[in-house]
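What follows is a single chain, given as structure tokens, in the form predicted on its own.
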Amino acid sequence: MKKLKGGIIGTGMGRLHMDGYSKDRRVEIFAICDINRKEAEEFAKKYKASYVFTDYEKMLDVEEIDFVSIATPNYLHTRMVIAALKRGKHVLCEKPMAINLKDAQAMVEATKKAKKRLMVHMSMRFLPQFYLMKKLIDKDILGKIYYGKSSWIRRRGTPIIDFPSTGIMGRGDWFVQKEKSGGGALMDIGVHMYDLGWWLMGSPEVASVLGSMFAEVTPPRFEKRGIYANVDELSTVLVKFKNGANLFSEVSWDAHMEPGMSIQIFGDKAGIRWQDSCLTLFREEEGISTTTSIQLPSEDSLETSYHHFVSVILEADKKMIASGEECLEVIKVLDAIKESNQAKQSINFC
């Protein structure tokens, strides 16, 4: 079978994309683009890519390329995605898909015109624990879902300050400038935690959003380092859905609090929780309350996000997980959180 030729834009988070595609026999990593040419050349050598670019427009002009992965600063997503679609490429774009709803809508319109696939890299949906949670929920084990809670608290996990500049996280000050990132903890990890809760709950339609954003701990740390930053370090949201269910989500880069990640989904038949590396099911059997630890499937047995993206390119009828159109709803809520925080009141969609 002829392999799909892929181009990767960005060698920070993009190195994870390269690794993912390298394990798929249906793919050839054909071109790599980054403004750091030396680093792009190193990855091209590692993955035997035919081309190296520092200008993404020139890379997109290569006709042989079937798809591109975009792993660049948030503010560049929209222009790069639209440029790729106009040249007939399928696109996998890192999260968040855009820094605001208007840009995200433009991306989806471009997808429809190009008649190509646009997937947003909501990678956590593909982790074993959340894959299994979704599978159990879809089997109606929880019954009617009426409440969800998702939380990711970091004690010291702020880009630029707490991550090395040469790795995959926080490469460049853009990460902490809202004009380029769209926001701080909200747009970095808040997008994941809200998306997971919403997706696990069945992607219900939003009725209202009450959001808050804080920057109380990190400003002195940035100032000490001489770094200009104007983004949130902690964000919370309460979303009410039109079906009557509620979701509360909170995230932080930096807080005087015990760090950890958890997701809880409440149903009228049972509840399920991921916390402290354990997946637990809570329910009542024959009048007795039970607590069951659930064994996770191995990562090797599951489809990765990269494999899924390639599959939806090759199989026109395959339903895409985290399509651009689906993720518009996530960006809509992120926008509403920022609007709610500024207005100090709920944003209603009814």
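Since the structure is predicted, the reported quantities are computational estimates derived from the model, not experimental observations. Residue indices: 1-based, along the sequence shown.
Beyond the structure shown, there is the form predicted in complex with a small molecule, which is absent from this document and is the topic of what follows.
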{"item": "The small molecule in the predicted complex: contacting segment from 243 to 251, 134 to 142, 198 to 206, 67 to 75, heavy atom within 4.5 Å", "value": "67 to 75"}
{"item": "Complete contact of 13, 39 and 175 with the small molecule in the predicted complex (any heavy atom, 4.5 Å)", "value": "yes"}
{"item": "Contact label in the predicted complex: residue 123 to the small molecule, heavy atom within 4.5 Å", "value": "yes"}
{"item": "In the predicted complex, residue 211 touching the small molecule (heavy atom, 4.5 Å)", "value": "no"}
{"item": "Residue 94, heavy atom within 4.5 angstroms of the small molecule in the predicted complex", "value": "yes"}
{"item": "Contact test in the predicted complex: residue 168 vs the small molecule, heavy atoms, 4.5 Å", "value": "yes"}
{"item": "Listed residue (336, 330, 9, 18) with a non-hydrogen atom within 4.5 angstroms of the small molecule in the predicted complex", "value": "9"}
{"item": "In the predicted complex, the residue from 263, 80, 118, 231 that sits within 4.5 Å of the small molecule by heavy atoms", "value": "80"}
